[in-house]
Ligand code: PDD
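We begin with a single chain expressed as structure tokens, specifically the form predicted on its own.
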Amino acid sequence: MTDEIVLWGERLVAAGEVRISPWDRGFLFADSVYEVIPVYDAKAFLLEAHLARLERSLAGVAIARPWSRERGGELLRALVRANGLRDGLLYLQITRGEVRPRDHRLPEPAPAPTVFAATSPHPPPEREEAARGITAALVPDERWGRCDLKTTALLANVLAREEARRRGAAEALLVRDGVLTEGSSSNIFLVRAGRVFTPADGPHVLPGVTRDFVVARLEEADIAVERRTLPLSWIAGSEELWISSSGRGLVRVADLDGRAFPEPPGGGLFARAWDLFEAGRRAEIARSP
């Protein structure tokens, strides 16, 4: 929509005014990083944590920070207000910038980064829908070796999600060398023998902001969460399977390639986790600027 307000550099402008150069390295090489931040009640949820992860991604690919974390927060909150967004998603992308002619080498001196952000409506998490669950499919993890950096090089994720869609599933759970890594756009939780597990951080797992928030809420309630390697073979002995992401919140997986995960009596540990997530989400929003 050309009348939507977007962030372009440090200016709020109509989307139709934005012109991105074909020589921008984000366009030519996917030489860029991004964040997706939920907005609830017109407030950016866990904004500080998302901006901290953004800084880690920028450092990991040697792109200069375009502004301080405080200034970034101010600009993004102003964007939310400018669009009158109540519940939705805030997308932020920073590329290395425009360089010509096209060259694989990193440019010296470095160009000014290109900064773009936009908002879109998106419903907040609903308990009934999350408990009903989604269908997922196992797909080989064919991404690059630094999945812990949130870059826009997402073609492998896109193709994995498309493979899952062709098989009637809503999400692809990725497998590398016999190990569950994460979803195509989510993190993974398994429940085995009443204990909660999630993959350990590493180069093949994005440090999920929503996942870390869920883990913290569980641990505050004395529900231990172990971060460790999750062998694919563990699925057979697991009672529950969940995913988490900025867009979905926390969601139960009801079926994985035809293997049903029925909702346990009383909702199982997922129901407890969802209630803790929701209470924490509301408390966080209430104290957010």
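This one's a predicted model, so the numbers in the text were calculated from it and none came from an experiment. Residue numbers run from 1 along the displayed sequence.
Beyond the structure shown, there is the form predicted in complex with N-(5'-phosphopyridoxyl)-D-alanine, which is absent from this document and is the topic of what follows.
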> Considering Y40, F29, Y34, W67, which brings a non-hydrogen atom within 4.5 Å of N-(5'-phosphopyridoxyl)-D-alanine in the predicted bound form?
Replying inline: Y34
>> Which residue, G72, G183, G133, P199, is the contact with N-(5'-phosphopyridoxyl)-D-alanine in the predicted bound form, using a 4.5 Å heavy atom cutoff?
In response: G183
> Does N83 make contact with N-(5'-phosphopyridoxyl)-D-alanine in the predicted bound form, using a 4.5 Å heavy atom cut-off?
Replying inline: no
> Does N-(5'-phosphopyridoxyl)-D-alanine come within 4.5 Å of any heavy atom of G97 in the predicted bound form?
Replying inline: no
> Quick one: does T210 come within 4.5 Å of N-(5'-phosphopyridoxyl)-D-alanine in the predicted bound form, counting heavy atoms only?
Replying inline: yes
> Looking at the partner-bound form in the predicted bound form, is S245 within 4.5 Å of N-(5'-phosphopyridoxyl)-D-alanine by any heavy atom?
Replying inline: yes
> Where, among 75-83, 106-114, 125-133, 183-191, do residues come within 4.5 Å of N-(5'-phosphopyridoxyl)-D-alanine in the predicted bound form by heavy atom distance?
Replying inline: 183-191
> If we check N-(5'-phosphopyridoxyl)-D-alanine in the predicted bound form, which of the residues in 39-70 reach within 4.5 angstroms of it by a non-hydrogen atom?
Replying inline: H50, R53
